[in-house]
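Here you get one chain, nothing else, as structure tokens; it is the form predicted alone.
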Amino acid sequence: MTSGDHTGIELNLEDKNDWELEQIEIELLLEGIHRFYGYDFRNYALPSLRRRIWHHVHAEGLTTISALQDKVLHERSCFERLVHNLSIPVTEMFRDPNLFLTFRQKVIPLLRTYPYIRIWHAGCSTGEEVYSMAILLHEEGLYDKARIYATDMNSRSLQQAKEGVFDIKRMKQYTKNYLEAGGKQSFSEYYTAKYNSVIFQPFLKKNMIFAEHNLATDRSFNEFNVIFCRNVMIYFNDELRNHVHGLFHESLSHFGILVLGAKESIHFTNFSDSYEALDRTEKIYRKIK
């Protein structure tokens, strides 16, 4: 064996040891967060979680995940910043406009037959999807008999959603999305501009209920006619994904509607036989058993 070969083996062993150590550090961090704060990230998909943890290590001016664990467990503010980072608050109004157009065409006629409508936006982030739904229901004449429950584990994002204040720079894109989603009025009628922000009209909030809810650890809290959970479960592993689908199945009424994200599916879960597709392309499913 040459010295070069020997060095290569040492390097591989060193890389393997570094990776094993990193996995231990991540597991200890997530276990500590779960046991001390009650937030469970242990079944999130590792590649995305690892990237976000390292991003936060550097953002806190640290060099190791173990150092982050120490700071998270001893400083509540550091924990809150990490949760904000891990809960992925990325959204926009009428995101994927064709989904909302399809919802108008295929789901709204079903909702018209109900005396009362409950809709749950699970993982609502900063609330853009929630206000989009309120506008859609208003234009279809259904908002007065609806309640929209908007939940998220991220308290900072949830507070922004409650306030209904958004960056004015995003209104051009939101207006485009709204029109492509079948919007029936001038989008600007729904908000008031002030400085660099806009605030949505108070009547849109009247039937909204905001609450913290963790899909990994919290239970069902009502029966719903529609559940939106889009682009949230792509960050979960199979075990957590099945757990959340069980939660949704329990929470949906018979013939209730489940709306998933573009990269998500009901297939390959324990509940795939419990639904029929109203629209496979837009991932709109109806509970049949």
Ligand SMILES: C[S@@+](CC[C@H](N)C(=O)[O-])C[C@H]1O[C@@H](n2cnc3c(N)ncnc32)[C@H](O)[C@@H]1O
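A quick note: this is a predicted structure, and the numbers were derived from the prediction, not measured. From 1 onward, residues are counted along the sequence shown.
Not on display, but discussed next: the form predicted together with the ligand.
Of the residues given (H138, R118, R95, K71), R95 alone sits with a heavy atom within 4.5 Å of the ligand in the predicted complex. When you look in the predicted complex, the only residue of Q160, N207, T102, N214 with a non-hydrogen atom within 4.5 Å of the ligand is N214. Partner contacts here mean any heavy atom within 4.5 Å of the ligand in the predicted complex, and among 149-157, 169-177, 183-191, 103-111 they occur only in 149-157.
Although the partner is absent from this view, S132 stays clear of the ligand in the predicted complex, with no non-hydrogen atom inside 4.5 angstroms. At the 4.5 Å threshold, heavy atoms of I33 stay clear of the ligand in the predicted complex, well away from it. The closest non-hydrogen atom of L142 lies beyond 4.5 Å of the ligand in the predicted complex. In the predicted complex, the ligand sits beyond 4.5 Å of every heavy atom of S66. The partner is not shown here, but in the predicted complex the stretch 216-232 reaches within 4.5 angstroms of the ligand through a heavy atom at A216, R230, N231, V232.
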